[in-house]
Every structure is written in C-alpha cells, then in structure tokens.
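Here we start with a single chain on its own, the form predicted on its own, put down as structure tokens.
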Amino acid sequence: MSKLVVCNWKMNGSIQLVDSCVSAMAYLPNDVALRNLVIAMPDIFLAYANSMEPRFKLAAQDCSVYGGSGAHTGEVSADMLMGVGVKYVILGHSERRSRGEDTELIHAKLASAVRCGITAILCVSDDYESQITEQIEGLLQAHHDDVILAYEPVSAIGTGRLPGVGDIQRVAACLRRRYVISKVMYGGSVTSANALNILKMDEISGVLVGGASLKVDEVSAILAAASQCMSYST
C-alpha cells in the first residue's frame, strides 16, 4: 500500500519552487513520485503546477462551502479546484481552527469537497471527539473512501516535539476503529529524520509535512522513506 507524503506549503512558495519540484521529481523513480507525493500549495500556483506536470497529485489548503460559482467574493469552490487538477483538499487544519473555524463550517466544506469527488484530508487533534461532530461522522460513514483523517497533536506542530510512537499508534488505531476510516495520517514536525519511524507504523497511511516540505532535499528523503515502507509491506 502506498504511503502518502502530503506537503503543506502553507502561505509559502513561488513559481520557482514549483519548477524546482518538477525538476527534482524527474530524478526520482517515476512510480515513487507519482504514487506517494501530494503537494498542497497556495491556490495561485495550482494551475501552473498542473500545466508543468499534470501527473502531480495536487492538493488545495482549503475550499469554500459554496459549490460551483456565484457572487462569493474571495471564495474558491471545490468545483473550481477540480478544474485545475486538484485531487485532495486539507480541511480543519489546526491553524485555521485557531483562527475561528468551527465544526459547522468544517462540515460544510467537507460536504462540498466529497460532493465534487475531491479526497478530503480532515485534520483532527487529541480533542478529536469534540471535533468530529455527529454530522461529520455521518459524512465519514457515507464517504469513508473519500476522507483521510490526519492526526495533528497541537503540541507537535512547529515545535519539533513528536509524541511517542506508542501514542501515535494508539490514537491512529482509535480513529480507525471508532470512525471505520481506512486511512489515517500523522502531521506535526515531520522531517526526514523521523519520517521512517512514523511511516513504518501499520496504523499510519502517510504523513502531513509542514516546514520540511519547502526543502526539496527533505521531501526527496521523506519520499524515499515512504518507498522503503512500501517495500516492507510487499
């Protein structure tokens, strides 16, 4: 089974970084880059990235609650994202929750994404029981193949401090069992130094990479770890 490496550039990046990624991926075994790598870049770069390398798996960092098009200044719908090759969208990231996004808004965005056929990467923390409301749980049950849960302990985001392996395994197993979800990722201070230990866990389907995702060498090393974990399971 492929182990996803989702690179969240946050509000960073440039055309030059997109070009660097395209060039760097050319030196990796083709199946590794195409099966494992997902790049979540700011919306402004998505169409360009898709034109430069249409085989890339692209992700948006958010989407609107509104579908299609309309008088919603500043909003970008899931339908529009699909139109430029986006396959995934990150929702409920801790940074957005800390700025006021509540579960009702996240549920509406999740519904919009799955309606369009975009795979949602729904971020939750140790407080997942309050973050996954009854409405969101209903969507998970109805679209369990279209949603990936990303476990992001707030204490690990940008701090360099990861929970113990046993703690990550325990939470991932709880999420899988309680919500009957097939894919659970881990996010929070992921680097090339710790990626292999995380990806080796049977309960973990991939990693959500923040700061390290802006360094091409780091991404290449994390992809190599993902490939190595695939070889363990075959």
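Not measured: the values here are computed from a predicted model. One-based numbering along the sequence shown.
In what follows, reference is made to the form predicted together with phosphoenolpyruvate (PEP), a form of this protein that is not presented.
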Exercise. Thinking of phosphoenolpyruvate (PEP) in the model of the complex, which stretch from 55-63, 181-189, 34-42, 168-176 has heavy atoms inside 4.5 Å of it?
Worked result: 181-189
Exercise. Looking at the partner-bound form in the model of the complex, is K215 within 4.5 Å of phosphoenolpyruvate (PEP) by any heavy atom?
Worked result: no
Exercise. If you check in the model of the complex, is E95 within 4.5 Å of phosphoenolpyruvate (PEP), heavy atoms only?
Worked result: yes
Exercise. Any chance G158 has a heavy atom within 4.5 Å of phosphoenolpyruvate (PEP) in the model of the complex?
Worked result: yes
Problem set entry | Partner proximity in the model of the complex: V209 to phosphoenolpyruvate (PEP), non-hydrogen atom cutoff 4.5 Å | yes
Exercise. From first to last in sequence, which residues of 110-140 have any non-hydrogen atom within 4.5 angstroms of phosphoenolpyruvate (PEP) in the model of the complex?
Worked result: none
